[in-house]
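First, one chain by itself in structure tokens, the form predicted alone.
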Amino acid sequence: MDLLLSPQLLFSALVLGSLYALIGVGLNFVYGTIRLLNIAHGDLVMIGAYAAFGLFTALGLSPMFGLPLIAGITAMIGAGLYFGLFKRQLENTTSVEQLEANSLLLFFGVSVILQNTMALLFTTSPRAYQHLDYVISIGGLDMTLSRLLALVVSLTIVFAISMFLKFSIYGLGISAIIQNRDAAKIVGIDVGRVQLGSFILGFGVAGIAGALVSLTEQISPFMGFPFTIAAFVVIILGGLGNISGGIIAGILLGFIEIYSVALTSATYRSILIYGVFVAAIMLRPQGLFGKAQT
């Protein structure tokens, strides 16, 4: 019982959950709006982590100040992939099922290329750096400034995105396409333009998430796949296109992982994530906050 009530464990769950929520939001932009199965999403998180690592070690630039640049790097990757691989697919594929199948194969290739490119550039050895590692003590809780900032920044960005989708014209267009693409076309929304914006935004958010992850743990070229699975779990639990639900789902997944590992062993981490993934698909495919189809 003392372990379950530990403020240290609670803080760790909040940090991990907020990062999962941010990563899930990025994937929701790509899959929710365009229905592309981006299984390379976690590799974009990895690219963002290495970008933060490179900027800090080479230039001494704090990831906190480098977030716009890091987001720009992954957003440019997204723009290149959109025009080079996916624009034609979106224009010529009429079946959603075929589009998802094609995107799955294409993103698998992208994932392999990104992983091996980073392995060639940085080797496969895990990397880490010390930054903002001052310990802050509040009551019985000891936390580093880097982890506290990861929590605050990720939640702030997720909240800002939620407000953007609810109150901006462009955000309302994204929400409309997620709900009903054909109806969005009828009311005059430029679907192609919104799709491009969502694609780039999703990639940029993944880069930011990676930079924040690099503050909390070691990074490697093959770190991305567990984050991809976690992002899909967040989407399934929170509901497709439901950003608010995704925030809650991300926090919930963080709590499940941290507390389950604390009660069992760290070797069960992947099993726990995959178990939640399978259980969510089987028991609640429409999401915790969605309505069952009748």
Partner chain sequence: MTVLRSDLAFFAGLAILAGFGLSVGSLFGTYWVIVALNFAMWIALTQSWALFSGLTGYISLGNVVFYGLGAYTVAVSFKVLPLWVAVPMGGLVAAVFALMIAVPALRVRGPYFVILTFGISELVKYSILNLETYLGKSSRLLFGAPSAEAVLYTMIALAVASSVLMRLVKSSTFGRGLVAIQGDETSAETVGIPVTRFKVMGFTLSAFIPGMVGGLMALRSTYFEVLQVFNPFISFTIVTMAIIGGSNDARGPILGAAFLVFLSELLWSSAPRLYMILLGAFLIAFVLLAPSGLVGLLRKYGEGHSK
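Since this is a predicted model, take the numbers as computed values, not measurements. Residue numbers count along the first chain shown, from 1.
Although it is not shown, the form predicted together with its partner chain is what the next lines describe.
The candidate site formed by V110, T267 and G275 is fully in contact with its partner chain in the model of the complex, as each residue has a non-hydrogen atom within 4.5 angstroms of it.
A101 is the sole member of A128, L172, A101, V191 with a non-hydrogen atom lying within 4.5 angstroms of its partner chain in the model of the complex.
This chain lacks the partner; the member of I236, I256, L67, L55 within 4.5 angstroms of its partner chain in the model of the complex by a non-hydrogen atom is I236.
Using a 4.5 Å cutoff between non-hydrogen atoms, L106 counts as a contact of its partner chain in the model of the complex.
Of the heavy atoms in T117, some are within 4.5 Å of its partner chain in the model of the complex. Taking the partner from the other structure, its partner chain in the model of the complex has no heavy atom within 4.5 Å of any heavy atom of L9. The closest non-hydrogen atom of Y50 lies beyond 4.5 Å of its partner chain in the model of the complex. Residue heavy atoms within 4.5 Å of its partner chain in the model of the complex occur in exactly one stretch of 40-48, 55-63, 244-252, 225-233, and that stretch is 225-233.
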